[in-house]
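Shown here is one chain on its own, the form predicted alone, set out as structure tokens.
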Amino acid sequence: MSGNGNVTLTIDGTEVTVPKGTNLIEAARRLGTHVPHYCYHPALSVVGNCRICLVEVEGMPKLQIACNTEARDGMVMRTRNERVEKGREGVMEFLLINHPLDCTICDQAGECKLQDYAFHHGAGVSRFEDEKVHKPKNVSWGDRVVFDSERCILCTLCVRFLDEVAGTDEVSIDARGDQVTLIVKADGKLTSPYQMNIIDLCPVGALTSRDFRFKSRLWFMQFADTICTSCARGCNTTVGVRDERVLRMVPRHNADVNGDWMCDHGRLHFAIANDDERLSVPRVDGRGVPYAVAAQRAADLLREAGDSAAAVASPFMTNEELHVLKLICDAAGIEKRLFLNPVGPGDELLVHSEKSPNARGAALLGFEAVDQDCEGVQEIDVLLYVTPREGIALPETVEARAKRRIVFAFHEREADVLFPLTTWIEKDGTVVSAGDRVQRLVKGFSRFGSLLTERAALEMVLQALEAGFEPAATPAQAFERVAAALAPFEGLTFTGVGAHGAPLGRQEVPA
């Protein structure tokens, strides 16, 4: 017998100990064994309506559904034998009776559980010879989600998510028998700011994204596991890229940050990465120049200005970029070190009131948070300014206080020296998210082949100021320099931060 609230059972001949109350799907997962399932999700209530998770339990006369069967001490379970496979085969036959044969045009192809399970657990042939039941297709559930009732297997994951997680209770089951379908209550349009999570949850192709629909097959895309930068939450994401364009962003599981979800605003906020009109080369006095020329000009301006210069950083910069900017300020004698900290409404689920990913990192590196009035910038000789993102900028009155301007921006604008700005998916680095958690950005592509990150461009400026400075050879080396300079990073490594992040040390982080 197990103690301390645990139970020990045997799964396919191997013993495993799990906490009391664990269901058999999760118990099998502890051993790396996958029990097929459609309607089950660990963050949602259990309904047991798809029946594909059938397993055999010694002492029970019938096959049991693993999602709603609790592991017990001494239990012996089998996830694979002839009886289990025959049961799953029968479930698959029922599910496929009225399912349309449209895999060739379905967005879910390549990541469809129905496809996968039909291959692994289906009979391989159909005994159904009658006309399939036809239901509404291409049904708009608003401007983000499209519903295909013929493909729906009524797992109700979407119903439960909107009720239990989003708290909007917007979808329900309608009709009976072979006409049963899902409907959106009220005026037929979803309103939840988290509604696109039901697309991720749908195990078949019944719910698709209006934004991503028909854009690419899964196997034509490359993927990068990174984070969302739309707010300080830093939801873990997987970004899909094809032909150097971001096509979609979906949540990636992280129990310490976002669970399995992300907001719709965050997942759709990538248009700037695909903008062909973005600035792609540095400019000096309006003329396109090599990075080295722009860096030298910026260094000359800063050296001449000395303490009459000001630096306004961006909380969308990585810690590594901010660290190089700090070194530039040190080398040029810049005392005014500020950053714009955009804020706005948040919610109780994921959306944070801080609308940037790294305000905490900027504060740790000695930059002072200011609002858009930027009162710390009075009449100055040179303003070194890194634009936060589209839609957030210094007021023209603030820029007018500077005689000369060195600016990082996405688009062309007036400046003595103008550097192209990169997006979050075009660089490697780290940020400090809400909860003082260090998380990694991962480069997925570069919109323009010659585009340098802010860190690389700033390192060139620092080299021009201090001839002895050596740029970091790798993102890991750049992180090491940050960790060596900041006590809260002590003990952290770029590799150790990993795909899911790591908490800062116990030192107090500036608010």
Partner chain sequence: MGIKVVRRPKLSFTERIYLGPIVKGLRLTIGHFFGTLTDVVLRRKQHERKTATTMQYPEERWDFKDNFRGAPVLVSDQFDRMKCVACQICEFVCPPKAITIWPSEFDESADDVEKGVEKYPERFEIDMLRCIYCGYCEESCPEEAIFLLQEAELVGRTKEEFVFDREKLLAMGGVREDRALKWHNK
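Positions refer to the first chain, counted from 1. Just so we're clear, the structure is a prediction, and the values are computed from it rather than from any experiment.
The protein also exists as the form predicted together with the partner chain; that form is not presented, and the subsequent description refers to it.
Student: Using heavy atoms only and a 4.5 Å cut-off, determine which of 413, 242, 113, 404 is in contact with the partner chain in the model of the complex.
Tutor: Among 413, 242, 113, 404, a heavy atom within 4.5 Å of the partner chain in the model of the complex occurs only for 242.
Student: Exactly one of 222, 138, 126, 397 has a non-hydrogen atom within 4.5 Å of the partner chain in the model of the complex; which residue is it?
Tutor: In short, 138.
Student: So which stretch, 310 to 318, 187 to 195, 130 to 138, 77 to 85, is the one near the partner chain in the model of the complex (non-hydrogen atoms, 4.5 Å)?
Tutor: Checking each option against the 4.5 Å cut-off leaves 130 to 138.
Student: 265, 353 and 390 - do all three of these have some heavy atom no more than 4.5 Å from the partner chain in the model of the complex?
Tutor: No: no residue has a heavy atom within 4.5 Å of the partner.
Student: Residue 214 versus the partner chain, in the model of the complex: is there a non-hydrogen atom within 4.5 Å?
Tutor: Contact with the partner chain, yes.
Student: I'd like to know whether residue 303 contacts the partner chain in the model of the complex, with contact meaning heavy atoms within 4.5 angstroms.
Tutor: The answer is no: residue 303 has no heavy atom within 4.5 Å of the partner chain.
Student: With heavy atoms only and a cut-off of 4.5 Å, decide whether residue 150 touches the partner chain in the model of the complex.
Tutor: So residue 150 counts as contacting the partner chain.
Student: Report yes if any heavy atom of residue 142 sits within 4.5 Å of a heavy atom of the partner chain in the model of the complex; otherwise report no.
Tutor: Answer no; every heavy atom of residue 142 is more than 4.5 Å from the partner chain in the model of the complex.
Student: Could you pull out the residues of 171 to 197 that have any heavy atom within 4.5 Å of the partner chain in the model of the complex?
Tutor: The stretch does not touch the partner at all.
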